[in-house]
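Only one chain is included here, represented as structure tokens and corresponding to the form predicted alone.
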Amino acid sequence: MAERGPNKRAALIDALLARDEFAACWALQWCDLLRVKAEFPINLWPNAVQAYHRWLLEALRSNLPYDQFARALLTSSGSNFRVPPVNFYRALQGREPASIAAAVALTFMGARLDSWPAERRADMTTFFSRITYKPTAEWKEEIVCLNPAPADALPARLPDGTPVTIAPGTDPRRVFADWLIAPENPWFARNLVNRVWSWLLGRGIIHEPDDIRPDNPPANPELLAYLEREFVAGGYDLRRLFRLILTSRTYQQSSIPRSDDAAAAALTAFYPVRRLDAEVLVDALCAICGPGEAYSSAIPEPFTYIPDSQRSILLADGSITSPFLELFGRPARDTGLEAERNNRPTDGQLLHLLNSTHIQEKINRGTWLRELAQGTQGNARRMIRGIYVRILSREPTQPELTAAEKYVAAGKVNPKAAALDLVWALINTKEFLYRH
């Protein structure tokens, strides 16, 4: 806040992109899309979930280029415990070629296969018709690989209509991946930049971000084309794409709309106010009040116990949850659709934040408020400022400071209770609960 240099925002963004929390936050998004979940209806099982999540975290930490990321998920073979990307083919509700093709189209092309003509769906399915699954002697381990039995050439047609003949012994998935990640591919880069725009700004340039089709055009075709070109030219560098959007004037706009035009939201004429994701919100509450959130799982296997020091954004398994996460819209990870995560506020959420014993226990268990009171030595102004900085990451404005000092001075409650009341008030503000 004290920095006055003209490049302080870009420097801060670069510093944040290099942090482990960046990888953790975006691994969380990918875990939603890739259905990372141990139990029904996905049945990855805990060992595979942990391996898959560690691989995703490392890929994001090391800034693995997105084309290599996608190729690994699409073409890997081997044990679900020892070759984590093969879990892409296990985290599905169905293992028949049609279900696999639908998941590939949704994840990497942003397309819903059920909207395609039957002939095009069948063509897409061909590339995943020779995947097979084999159990091993190790409990719940499974091998995903190419079925070696078919020895004949496989005629196929790519989604753009190009016919190909896949030679005997060639993995059809590799042929599809080569086509998909080519720079000229009309779906691959477009899907990813549209998703990232949606993650950062609340709405895709094509809306919904996983429903790309000819009759659902982009709100700003020039912007989408520009981001595609930059992403491909940058070698599919995800951090470079994030940096490009985060340093833009569009991302820095005020959240206060200056127009009532219905098109303003679609054209990103203002920054959209959105509630924090469930995991981020509970982590923020734990950071303010003190660590510790109780999780549970119906799976009687390892990895259910979560240390108090671990953030919710690092929860690998969608089967491990808490009442707070359920209430605040954490997705079930059953479908891979963006819309599974629901951040729309409800009356139940508001009541929970206003008067639940869960929030009260968090506030009471934390030591920071007692430490703040001891450090300020009865100085109400310093205590109020400390609470504002802790919760809202800013100093109070003069009217806010005056109102809080007046409340403390009124003497209707003792200073400790007044401080608690201020904490309750601030964690219920939109400034705390929403991205703005």
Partner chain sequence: MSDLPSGDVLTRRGALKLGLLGAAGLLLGPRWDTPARAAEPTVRARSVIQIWMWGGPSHLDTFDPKPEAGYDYCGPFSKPIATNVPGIRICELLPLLAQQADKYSIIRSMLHGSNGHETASYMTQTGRKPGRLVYPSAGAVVSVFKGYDHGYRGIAPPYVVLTTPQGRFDEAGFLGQRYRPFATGGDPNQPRFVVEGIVAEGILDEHQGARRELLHTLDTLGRAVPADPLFQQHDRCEQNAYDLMLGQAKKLFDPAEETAEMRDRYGRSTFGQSCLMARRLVESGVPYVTINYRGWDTHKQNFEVMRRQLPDLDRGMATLFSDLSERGLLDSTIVWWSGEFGRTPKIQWEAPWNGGRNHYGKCFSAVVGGGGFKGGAVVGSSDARGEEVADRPVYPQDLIGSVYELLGIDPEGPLPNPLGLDVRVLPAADESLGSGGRLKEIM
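This structure is a prediction, so every number in the text was calculated from the model and none was measured. Positions refer to the first chain, counted from 1. Rigid core here is just the name for the largest C-alpha set that superposes within 1.5 Å across the two forms.
In what follows, reference is made to the form predicted in complex with its partner chain, a form of this protein that is not presented.
Highlighted residues 72, 75 and 202: none comes within 4.5 Å of its partner chain in the predicted bound form, counting any heavy atom. For the residues 230, 261, 334, 141, the 4.5 Å heavy atom test against its partner chain in the predicted bound form is passed only by 334. With the partner left out here, its partner chain still marks one of 26-34, 52-60, 366-374, 401-409 in the predicted bound form; by a 4.5 Å heavy atom cut-off that stretch is 401-409. Taking non-hydrogen atoms only, residue 170 never approaches its partner chain to within 4.5 angstroms in the predicted bound form.
Interface membership of residue 126, defined by any non-hydrogen atom within 4.5 Å of its partner chain in the predicted bound form, is ruled out. Contact check for residue 287: no non-hydrogen atom falls within 4.5 Å of its partner chain in the predicted bound form.
Taking the partner from elsewhere, residue 329 is found to have a heavy atom lying within 4.5 Å of its partner chain in the predicted bound form. With contact defined as any non-hydrogen atom lying within 4.5 angstroms of its partner chain in the predicted bound form, 93 is the only contacting residue in 82-97. A movement of the C-alpha atom of residue 399 falling short of 2 angstroms is seen between the shown form and the other one when the two forms are aligned on their rigid core.
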